[in-house]
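Okay, here we've got a single chain as structure tokens, the form predicted alone, with questions on binding and movement later.
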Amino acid sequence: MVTKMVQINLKTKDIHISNLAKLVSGPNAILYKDEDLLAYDCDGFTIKRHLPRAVIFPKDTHEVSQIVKYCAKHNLPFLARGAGTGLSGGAIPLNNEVIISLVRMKRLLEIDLENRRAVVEPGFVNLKLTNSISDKGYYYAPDPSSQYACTIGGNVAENAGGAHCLKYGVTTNHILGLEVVLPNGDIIEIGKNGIPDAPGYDLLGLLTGSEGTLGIVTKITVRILKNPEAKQTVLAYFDKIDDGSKAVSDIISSGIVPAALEMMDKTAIEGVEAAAFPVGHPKDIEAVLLIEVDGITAGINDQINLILDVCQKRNVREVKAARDEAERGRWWANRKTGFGAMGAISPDYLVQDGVIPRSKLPEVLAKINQISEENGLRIANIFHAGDGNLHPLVLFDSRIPGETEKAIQAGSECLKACADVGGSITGEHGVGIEKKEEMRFVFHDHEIQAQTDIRDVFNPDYLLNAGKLFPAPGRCAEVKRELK
């Protein structure tokens, strides 16, 4: 009866939308009016916007499969979407796609403490998993800044990281199994029973980080970890960003592997202090380090003392350990909201995501400063310093003609600076549409072709999330596709 009510209420001449509505249950399970679709014309990358054909909300894997089979049969482009917090345009409907929104699939299906794993649907929010098991002494390690809103399905698509990935790794290090709907509608299971290292190819590794171009994840088995016995956080202020950068390498070289080692420069500090969670960082400081160590209680103080000593040798102005959990929480809230805080000092900002060797931090930060001066745009730097994952935030005003284009150019130049020192163009935000041409900074044409050949095995008709991840093909690749 509910499904019939949905069909009756549809006032559209698009027969495909009417037919798709029959495949999902519940009122408001499909959107198709322009005013409803506006909320889906972009994700966290807001510079480019495109309306989808429709947005459909399946409640389970079966409905996802039926939708995909219909789209494949009728040659309708489609893509999956989670919370829309992605920062590279991976969920933007470039080709009038049907968006398959997974937000209704948000259940925690199983907790297995004995084997330290949990099973969730793709719409389950990242932080909610830790909150659901913290009273039992466990947590889920990947912690992107948007963890209060982003979904674990989206984290799988982008291979999301976070502040604590230095010690604990990114999403792929915590995925034990996946249920996936392939682009033809077939359902497969990888890593059955939470055993990821079965003989054969590493399909879990292949699918994690594939940015929704190989299949749609509908169930995820994740690794959960026991809470550490002890945890301590240190804040260090430096008058010169070069000293702060060198302290990062010194800390790692000393033999310590911090759970997190974060850094913000002067412009970023200005932003976070002007936003919702100020903590009183000095206004004239050039760099702040946020360093966290965890593990067994014995030895934590020794690590803290070694960190304090390293910072002192690098001309630190002030270095201090958090007095209590409340102070530690304020420091992390200040850092975690760093991206959004840029809205307090700039009408618009573009977040970039490059990776470099730690030893190259001073060199690349100097280059980013040069790029800022040459383009006449401020660039704030917030980054996971411990593993060299930079996040230059290009500040601009889209109301000024030409500034958006300048921001895009400056962002591309920042990525080129990372690639030039042996780094990469993304560490955790993905490529999407934002950085697909910059893939040429790190791959030759034949290497890109090898990757698109893999995509074509899974997604031969190129209906699933087309136009993402890889640059426009050369003529040879175009001819190859035309001959299919």
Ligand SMILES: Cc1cc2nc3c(=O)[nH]c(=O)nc-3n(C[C@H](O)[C@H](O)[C@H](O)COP(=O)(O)OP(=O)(O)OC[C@H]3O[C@@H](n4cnc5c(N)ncnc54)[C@H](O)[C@@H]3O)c2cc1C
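Computed from a predicted model, the values in this text were never measured in an experiment. Note that residue numbering begins at 1 and tracks the sequence as displayed.
There is another form of this protein, the form predicted in complex with the ligand, and it is not shown here; the text below is about that form.
Asks: Check G90, G154 and H429: does every one of them have a heavy atom within 4.5 Å of the ligand in the predicted bound form?
Replies: Judged in the predicted bound form, G90, G154 and H429 all sit within 4.5 Å of the ligand.
Asks: Just one of 138-146, 409-417, 247-255, 226-234 has residues with a heavy atom within 4.5 Å of the ligand in the predicted bound form, so point it out.
Replies: Selected range: 138-146.
Asks: Note which of P183, G271, G388, G161 lies within 4.5 Å of the ligand in the predicted bound form, where distance is taken over heavy atoms; exactly one does.
Replies: Among P183, G271, G388, G161, a heavy atom within 4.5 Å of the ligand in the predicted bound form occurs only for G161.
Asks: Among the candidate residues G169, P77, G191, G84, which is the single one with a non-hydrogen atom no more than 4.5 Å from the ligand in the predicted bound form?
Replies: When the ligand is considered in the predicted bound form, the option within 4.5 Å is G84.
Asks: Is C150 close enough to touch the ligand in the predicted bound form, meaning at least one heavy atom pair within 4.5 Å?
Replies: Judged by the heavy-atom cut-off of 4.5 Å, C150 is in contact with the ligand in the predicted bound form.
Asks: Heavy atom to heavy atom, is F339 within 4.5 Å of the ligand in the predicted bound form?
Replies: It does: once the ligand is placed as it appears in the predicted bound form, F339 has a heavy atom within 4.5 Å of it.
Asks: Look up in the predicted bound form whether H174 has a non-hydrogen atom within 4.5 angstroms of the ligand, and give yes or no.
Replies: It does not: once the ligand is placed as it appears in the predicted bound form, H174 has no heavy atom within 4.5 Å of it.
Asks: Do G212 and the ligand come within 4.5 Å of each other in the predicted bound form, heavy atoms counted?
Replies: Taking the distances in the predicted bound form, the answer for G212 is yes, it comes within 4.5 Å of the ligand.
Asks: Heavy atom within 4.5 Å of the ligand in the predicted bound form: which residues of 364-400 meet that condition, in order?
Replies: Contacts from 364-400: just H384.
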